[in-house]
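In structure tokens, one chain follows: the form predicted alone.
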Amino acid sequence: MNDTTSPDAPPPLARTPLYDLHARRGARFVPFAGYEMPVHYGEGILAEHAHTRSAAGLFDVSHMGQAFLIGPDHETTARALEALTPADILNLPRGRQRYTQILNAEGGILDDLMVTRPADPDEDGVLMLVVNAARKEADFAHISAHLPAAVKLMRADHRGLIALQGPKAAEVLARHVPDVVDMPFMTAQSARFAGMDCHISRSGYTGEDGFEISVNAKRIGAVVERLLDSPAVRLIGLGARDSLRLEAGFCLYGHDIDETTSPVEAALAWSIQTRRREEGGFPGAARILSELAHGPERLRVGLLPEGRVPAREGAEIRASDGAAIGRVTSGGYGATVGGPIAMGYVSRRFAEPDTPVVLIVRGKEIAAKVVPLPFVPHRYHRAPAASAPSASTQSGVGP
């Protein structure tokens, strides 16, 4: 036996079903959440960022975890998920999706996720879940361990997932699935794309109008190639995905939210609907309901540094008098904003917009101020008020 592999060597990186397509298209790969993922292509991150804001960017998000919760009826399945999350899943209408978080007993966020109730009445009792790539093994184990006997979790590892984002996304996708133009934000439907069965939702992680398309992994390459036939569509890597979501004010799990942060601290209180606030019954409810009533000790805020030097994750945030009041959790260059932007947590009394703060970047003080999120206005496709889904403009889920 000639095995030279070190027992301490990290496991090999996984690849999505689109890896070969990325390689042919000139992707530069980096390790991410256990996968070999494209960080950018030939034109670079800034060009990809700008293209998504002006046309349509195509993202491979097949590394994320897709699964189904299956029970005898919607109420049973919804209440099973409500025992783990603070969202109102019971009253989620058919064909709608909702953003929420899996919580630990202290009200900390184990992960954030998207939950969809299928539009088809024959699928009553089914909920579709999409969780973050780095957390999917832990998430699925946690969910399965806490389900009642009547509800089962079925992983959908056989499916790929892509996101088409940008102001021309609807126009491009409608060439293949005409009725997507009428889908409001945070809705979903089953569809046929060039003869292939797929599931389409209208939401996204960039702040732009857009769609997620879930399809059998063996067919996702064909879907991508057809979309790329349009000159409005370009492949976009993780680099621009991160800068776009930062401008949109969205959290990245493991950075802006983790097991120590509550949804209220993270400025995600909008994702806890009225019934759940009144009834409680979710993990960490005592802490979260207290924070809703009295305010948390700290809050996630937007930060706008002066000058051109970006403040990266971990940079200390100080008050004008030099007192430490928090830390940056995400930061970089906002290409649409035209300068550095950041997010972080500060003590609540410093969370008001226009509050002056100081960021410590490589030992130097950078003047900054607290600003509202998002940095770039969201441009989702809204339904008329009478039929609009109950979802905040900040809905979205990380990679």
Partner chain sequence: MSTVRYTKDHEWISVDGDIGTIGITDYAQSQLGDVVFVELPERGKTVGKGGEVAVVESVKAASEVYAPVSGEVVDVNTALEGAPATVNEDPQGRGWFLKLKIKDVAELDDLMTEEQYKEFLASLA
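Numbering follows the first chain given and starts at 1. Only a predicted model underlies this, so the values are computations on that prediction, with no experimental measurement involved.
Same protein, other form: the form predicted together with its partner chain, not shown, and the subject of what follows.
Only one of L373, A55, V357, I45 lies close to its partner chain in the model of the complex, with a heavy atom inside 4.5 Å, and it is I45. Contact with its partner chain in the model of the complex, judged by any heavy atom within 4.5 Å, is made by just one of G284, P296, P118, P310: P310. Remark: of stretches 220-228, 302-310, 126-134, 148-156, the one touching its partner chain in the model of the complex is 302-310 (heavy atom within 4.5 Å). In the model of the complex, its partner chain stays beyond 4.5 Å of every heavy atom belonging to R348. Within 4.5 Å of some heavy atom of its partner chain in the model of the complex lies at least one heavy atom of H40.
Although the partner is absent here, F68 sits far enough away that none of its heavy atoms falls within 4.5 Å of its partner chain in the model of the complex.
In the model of the complex, F32 stays away from its partner chain, with no heavy atom inside 4.5 Å.
Counting a residue when any of its non-hydrogen atoms is within 4.5 Å of its partner chain in the model of the complex, there are no hits in 93-116.
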